[in-house]
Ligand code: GDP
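The chain below stands alone, shown as structure tokens; this is the form predicted on its own.
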């Protein structure tokens, strides 16, 4: 359920107990890392004291590096439409990050605080991502709007709520499971960023009347741009479904869809008017089956993420420790050419092997200056 310095909080499904556990020293010597979401084996279980010892960590079927979680089935990207103001570029960055971290599952987009906007604005958000194949849920942790839909998506899965600080991840969990009583912050302005209230990742069991089986949801701290995963420049377009679908028809096989003439993606860029469906959602649902065009706002996000990926790629090349075999370091960043074999000093052993047996070096003479009998000529 949770890993922290000095110990672990583990849920035992048969006893339905949460136990304070320590890892076996052997695991520490073998450098076995135990993360939130790992499945482990226990021994020396003491039910009265609520303690146990972790003896083994099972193989993981998935792993998130940021936030550090194991065995996650799906990611729910939580964004706020107000307080703080929703930013599409930030949202697209999160989508790219988690598609790279969990490629077998498309992230779910959860827009919180929908009670602060009208239906037209909410339909606009739905119309941006639903035609691209993303599951979009509009909720309000204050009024309970849309939580039934969110609960149905969490059933029988291990999910993680991820997003920036202040968007209401903990508030939504409190609404789903009031017994958790998680600490939440107060956002009293429309601008800026939220404050950190969640300081560690932990799995919580959510049990409601709507769920036949309980769901597990991880609440995580918010993280900033520097902690997002940077893809390679050539891999960015595959994280944008509308661009990836058009890239096969592009004139150039290695096109990055930025400045090339005759590029299929650039020709398909449209206005953002097609993103917003009717307030009743019927028009947006009709566009789901239509071929996705590249909206101008999404294309702008693509170019920004691609530029960041190129900068990161160039930066890593400058700090790379790989050098040609013909050079060597002599201190700091100074590099000089390596000497060829013809200029190297020949070792004494190699030099002796090339000489005849009649030649004897001075250090092979005995104390009287004579050649030893076993090395003298016959």
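Being a predicted model, the structure only gives us computed values, none of them experimental. Residue numbers count along the first chain shown, from 1.
The protein also exists as the form predicted in complex with guanosine-5'-diphosphate (GDP); that form is not presented, and the subsequent description refers to it.
Student: Please pick out the stretch from 302 to 310, 69 to 77, 135 to 143, 245 to 253 that is in contact with guanosine-5'-diphosphate (GDP) in the predicted complex, where contact means heavy atoms within 4.5 Å.
Tutor: In short, 135 to 143.
Student: Please determine whether residue 168 contacts guanosine-5'-diphosphate (GDP) in the predicted complex, using a 4.5 Å cut-off between heavy atoms.
Tutor: Although guanosine-5'-diphosphate (GDP) is absent here, residue 168 would touch it in the predicted complex, with heavy atoms inside 4.5 Å.
Student: Find out whether any non-hydrogen atom of residue 233 is located within 4.5 angstroms of guanosine-5'-diphosphate (GDP) in the predicted complex, and reply yes or no.
Tutor: Contact check for residue 233: no, nothing within 4.5 Å of guanosine-5'-diphosphate (GDP) in the predicted complex.
Student: Might residue 127 be said to contact guanosine-5'-diphosphate (GDP) in the predicted complex, defining contact as any heavy atom within 4.5 Å?
Tutor: So residue 127 does not count as contacting guanosine-5'-diphosphate (GDP).
Student: Is residue 155 close to guanosine-5'-diphosphate (GDP) in the predicted complex, meaning a heavy atom pair under 4.5 Å apart or at it?
Tutor: Contact check for residue 155: no, nothing within 4.5 Å of guanosine-5'-diphosphate (GDP) in the predicted complex.
Student: Please tell me which of 148, 260, 119, 115 lies within 4.5 Å of guanosine-5'-diphosphate (GDP) in the predicted complex, judged by heavy atoms.
Tutor: After the contact test, the surviving option is 115.
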